[in-house]
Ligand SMILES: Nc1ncnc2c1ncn2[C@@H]1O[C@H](COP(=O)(O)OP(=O)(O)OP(=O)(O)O)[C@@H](O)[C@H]1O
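Only one chain is shown below, in structure tokens, and it's the form predicted alone.
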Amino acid sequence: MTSTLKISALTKRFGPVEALREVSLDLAPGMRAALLGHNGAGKSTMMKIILGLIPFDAGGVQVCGAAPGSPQARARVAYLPENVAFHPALTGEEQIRQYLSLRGENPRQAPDLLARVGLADARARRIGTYSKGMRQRVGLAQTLIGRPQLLVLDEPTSGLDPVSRRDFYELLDGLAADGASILLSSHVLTEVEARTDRILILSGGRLVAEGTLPDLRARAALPVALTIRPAAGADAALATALPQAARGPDGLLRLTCTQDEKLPLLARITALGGQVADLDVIPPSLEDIYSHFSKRDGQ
């Protein structure tokens, strides 16, 4: 299967500063990848290189089988920046019709594109009257023009309300199901945790971790948390059976264990039968994993 995006040992310097150092990654068609990293980690630099906006010093980049910034690559790539800007005097429909014309597409597609991002009722209003979230959705509509094979999205849910964020990720799911690859940068880790296939963590210009969420959980080897609700009258018995558990003011018992200890511990707890009213197993979150892998010198 041909990669939509292939980066090999990518290095970029700004004077003495090495913004990217031998970064390699491969996105297959239909893959949704989250690009995570602290400010200055190299995310924006990588995106600019992928889009062909700035050159790189060493390594290789192939975007849909072509050089970044080439006509072939630009025809297949869509980009959404964190802060979009449109002409305030144009209506939403007029703005999208303009983008469609620039891409050689039929301007009559504008109402359908705006409807896909929830702006059907506002398409005749001037963009100057739109909220930030509505302007972001205009940006989302323009990324859909021409059925792109690769979407590069920089903090795409900025300004969106929770319902619009949910709808946005459902839209991305549909695009990925149709074969589009998605590279998404976000600081809202709870959003991307369940809606991406691959996690990419940049720190100090290096790709310090890459893989699925289960893969990274296994590599990080962070503790698993368990919360136990005792059945009525079983508090003392459970405390005796699980001496390592801490009892909170809410009456719940809490303990942690390693990944290797998880299954044996669950077997011990379930063997207690009716003494346990409820049990929650809480694996390390994406935020925990990100913090583990992205620690910098001096942090």
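So that there is no doubt, residue numbering starts at 1 and follows the sequence shown. Because the structure is a prediction, the values reported are computed rather than measured.
Another form, the form predicted together with this ligand, is not on view; read the next lines as being about it.
- Proximity to this ligand in the predicted bound form, taken as a non-hydrogen atom within 4.5 angstroms, holds for one residue of 210, 94, 105, 155, which is 155.
- Proximity to this ligand in the predicted bound form, defined as a heavy atom within 4.5 Å, singles out one entry of 50, 64, 34, 41, which is 41.
- At the 4.5 Å threshold, heavy atoms of residue 19 reach this ligand in the predicted bound form.
- Though the partner is left out of this view, residue 256 does not reach within 4.5 Å of this ligand in the predicted bound form, counting heavy atoms only.
- The closest heavy atom approach of residue 167 to this ligand in the predicted bound form falls outside 4.5 Å.
- Of the heavy atoms in residue 197, none are within 4.5 Å of this ligand in the predicted bound form.
- Listed stretches are 42 to 50, 64 to 72, 239 to 247, 262 to 270; the contact stretch with this ligand in the predicted bound form is 42 to 50, by a heavy atom cutoff of 4.5 Å.
- Proximity to this ligand in the predicted bound form holds for all of 14, 82 and 187, with the criterion being a heavy atom within 4.5 Å.
- Counting a residue when any of its non-hydrogen atoms is within 4.5 Å of this ligand in the predicted bound form, there are no hits in 96 to 115.
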